[in-house]
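A single chain comes next, written as structure tokens; it is the form predicted on its own.
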Amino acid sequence: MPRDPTAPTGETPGAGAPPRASTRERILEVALELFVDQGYDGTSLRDIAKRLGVTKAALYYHFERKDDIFLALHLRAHELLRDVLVPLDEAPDDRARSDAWPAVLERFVDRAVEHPRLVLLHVRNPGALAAVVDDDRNRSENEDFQQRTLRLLQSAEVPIERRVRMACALGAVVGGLAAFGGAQEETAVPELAEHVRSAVADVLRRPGA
């Protein structure tokens, strides 16, 4: 196995050096910080290497291109999305899934608050996001989410008025999270999240309730 250039001199993975995954995670964390603070287009591999204190060549051991780093960060959002959908997975039928919809959206907002930089990465770098949409892993996971959502929103088991409110509430979350991009400080994200929750509650509330 080729020696990890980011490992201490004389050490190779499995011979006392830090696990390769830890180095990879350091690259991702630094890249996430730079992509959010100065933009994907404004960040070079040299910038990431300099912040890490390694050579640019050392980055190639883990990521061949800057696009690969962005994709790896984007797929973290997919991992969070799988957690968000747990209430739907546990529900026995579409009527129960519609009842779980508020909990799903609540978890969605919760994860955004817990990982604000991951949200900011996406809303501040739409061009980089568009460049990874055709990746096979990204496409398959997005299609799965979209198909599951559409099936529920089109289910005859759920009253049409309820389905419309569910769809609009999802739009309120997605649109509300886009407003995170204007937050100058991460500390503003929890306040913005409360506004999103309020908007979702308004949409889901039945008239006269």
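In case it trips you up, residue 1 is the first one in the sequence shown, and so on. Computed from a prediction, not measured in an experiment: that's the story for all the values here.
Not on display, but discussed next: the form predicted in complex with the DNA.
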Quiz item: in the model of the complex, which of 170-178, 138-146, 40-48, 156-164 comes within 4.5 Å of the DNA (heavy atoms)?
Solution: 40-48
Quiz item: Going by a heavy atom distance of 4.5 Å, is Arg65 a contact of the DNA in the model of the complex?
Solution: yes
Quiz prompt | Non-hydrogen atom contact Ala58 with the DNA in the model of the complex at 4.5 angstroms | solution = yes
Practice problem: Could you confirm whether Leu34 comes within 4.5 Å of the DNA in the model of the complex, counting heavy atoms only? | Solution: no
Quiz item: Should Val30 be counted as a contact of the DNA in the model of the complex, where contact means heavy atoms within 4.5 Å?
Solution: no
